[in-house]
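The chain that follows stands alone, in the form predicted alone, written as structure tokens.
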């Protein structure tokens, strides 16, 4: 297969290819051919995830630019922020995190990803939400605070890089286009035929944009179903398609174009909101853990897997069809605040 990524700066960070294996017990229970693409095992630590694919290219670019400080953003239990901090330490950059407290953390008893952020020595700024403030408004305020610090560092001749929430710019999306190519090469090496569906969780949109771009590069036929972990604006699909096209342009593939018709965003399973568990997501976590011994996280993958189960139940995914669930990681969130995890006891 053509190497579309040879000209892109890249630092190898992932344990790749990540495993692709069949969920035998659940396949039998559901009447479908269900496989798991295990991007929860990307490394380099025990708590890998899909952002590491993006960070290979984002930090590869940072290396070419002589960056010292890498700034990024998210909620306090952000998988992306933790993975960025971890990758920065491996590459010799200083990670600076601005994290919005959607759920207020206990500063005296750090949990989940915040504990890992502290362990790797990231500089963490917790941005408390103001009364009446939306998540988006708090994110904007965190961004301005970070940029003020970056300007001060740049004035002292320190080079900084700003990585957006989720690593979701065209450089990050290239990382997931490479992930899709890896997936297709695995299928060929394993002698596995084509799938009908790829199901995954979508947040900031970079993973979806990369998968759509990779599918177009390879001429893939799978239907991509992205299950949203939070409310998305009506223009979300158009923004994802534009991001995919920017990635394709960067890879010098201007004749390949992505439109919102190339994927489906399902907004039906995020429940009451981001970082708020639902009965369906808790049930999905339990079902995969008890059938296959595979752990989902409460914020992203549990809601996506709940969507997959319901698509099978309602016939949108038909009996006998072949489905890969792209597990994007986040296991550290199982050890987050109880308000994020939910009640997992019977």
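Numbering follows the first chain given and starts at 1. These numbers were taken from a predicted model, which means no experiment stands behind them.
Omitted here: the form predicted in complex with a small molecule. The next part is about that form.
In the model of the complex, no heavy atom of residue 56 sits within 4.5 Å of the small molecule. Heavy atoms of residue 86 never reach within 4.5 Å of the small molecule in the model of the complex, leaving it off the interface. In the model of the complex, the small molecule sits beyond 4.5 Å of every heavy atom of residue 72. Remark: residue 105 does not count among the residues lining the small molecule in the model of the complex, judged by a heavy atom distance of 4.5 Å or less. Across the options 155-163, 89-97, 202-210, 248-256, residues that bring heavy atoms within 4.5 Å of the small molecule in the model of the complex belong to 202-210.
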